[in-house]
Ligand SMILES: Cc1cc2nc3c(=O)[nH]c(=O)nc-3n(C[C@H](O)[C@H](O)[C@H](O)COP(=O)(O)OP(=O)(O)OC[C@H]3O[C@@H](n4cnc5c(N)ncnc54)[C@H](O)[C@@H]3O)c2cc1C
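The chain below stands alone and is given in structure tokens; this is the form predicted on its own.
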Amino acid sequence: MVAATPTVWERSTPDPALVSEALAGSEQRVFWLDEAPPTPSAEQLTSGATADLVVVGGGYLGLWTAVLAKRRDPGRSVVVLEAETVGWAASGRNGGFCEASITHGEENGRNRWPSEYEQLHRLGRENLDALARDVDELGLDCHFERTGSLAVAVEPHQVPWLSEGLSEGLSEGGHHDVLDAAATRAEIDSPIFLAGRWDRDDVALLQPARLARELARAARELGVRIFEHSAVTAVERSGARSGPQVVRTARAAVTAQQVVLATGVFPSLLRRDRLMTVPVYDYVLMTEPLTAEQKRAVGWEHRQGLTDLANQFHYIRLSADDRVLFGGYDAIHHAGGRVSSRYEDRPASYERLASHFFTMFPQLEDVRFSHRWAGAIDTCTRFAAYYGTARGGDLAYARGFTGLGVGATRFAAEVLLDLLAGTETERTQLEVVRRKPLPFPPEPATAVGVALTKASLDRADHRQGQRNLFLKALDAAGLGFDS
């Protein structure tokens, strides 16, 4: 058995006074939502309406579905119903990493869908290319940068992982550079970086709230009606089993033949779907803009996204105005599986992130944080989105993006429109589309299982990545946690 050793975050701990001072002026607000230009005055659903397609949810999945539906058929009438405002939840709070992967990474994809992984890899690449074209063609002002991402080893046992898969052809057709410590630090300078791998092709960065608001603008210009502050309470059949569906809010309803549920982490409107995901809270810090001198101290001239390789990992990036976003590590599931704003202000998580920030970048000890926030991720047991239909194929849904939905939601929207059309396509024939993951057990069993999993992942990080029997059993059951 491998002996437990302290992680780099424990071996080098910044002065607690430095952490407190850096956080003292931060606001509990989402920087992306503050920075994005305001949207038009919200229209609420106050009277009955009809449409060909109703989309429930005004995040990425719902907005891509609306935009792509109108592109496929400009004459189709489309309504989007959003409970709050466009992009206010996960779509406006994430790190803005837009990845080609639709399988939550190569390892997860290869392990779960080995026979069709190369096809999924290609489709993911094509989806990211199509998204980039949409940004240009629709004029989406979302700070889109296809700079790639740098994965770094911060522990000696992680260094070999950077080359694994490349020799096996897992990234065939991609452009990956494996860098030694000096070359890695020449890109982004940190004393804890031991090696790195720069994926130049499969990751873009963007301003997530701007993407959501710009998609809403594009949708409106295509003729989509978007109603905010119009939470859906039920979706019912009207009359005959093949009759239209009635999508109800507290004040009015929309009648439509077809419905897409794009509600993400929030409880599904289909009771049978409610055990398929659990909410996991993720926490983020954003610094004030770096000065020219601070920027020179870290380099980062190529503006890549940045991640480390631990089970409990961080994601880091620059904003358009050279702020540093530093998020991840803590992934908190609250017993009962509820989504609530009271879970967002968690001082221990913000203090831990700030401490890790200064461990990674000690040369930025004079940097202060301006924003701190959190958001809930819709996690499913296979770590990649699943798809389904109901009501004889007139209702379609996708959930479970597990934090990698910025790009994958566009692919999912195409899948849902294919399913509603009832036609066989390359997408609908995929095993990842045809089969669903295992559900989570009811509470409190889920809370216990998540706690055991987190403890086991932490243990693995302290034992050179070695997974214990509990994690191996999850892997064997198809419930492995790879990130």
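Throughout, we count residues from 1 along the sequence that is shown. A quick note: this is a predicted structure, and the numbers were derived from the prediction, not measured.
From this point on, the text means the form predicted together with the named molecule, which you will not see here.
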item	value
Interface residue in the predicted bound form among 144, 358, 300, 315, criterion: non-hydrogen atom within 4.5 angstroms of the named molecule	315
Residue (of 214, 134, 282, 202) lying close to the named molecule in the predicted bound form, criterion heavy atoms within 4.5 Å	282
Interface segment, criterion being heavy atoms within 4.5 Å of the named molecule in the predicted bound form, picked from 286-294, 343-351, 179-187, 403-411	403-411
Partner contact for residue 395 in the predicted bound form: the named molecule, 4.5 angstroms, heavy atom	no
Residue 61, heavy atom within 4.5 angstroms of the named molecule in the predicted bound form	yes
The named molecule contact in the predicted bound form: residue 116, any heavy atom under 4.5 Å	no
Heavy atom of residue 308 within 4.5 Å of the named molecule in the predicted bound form	no
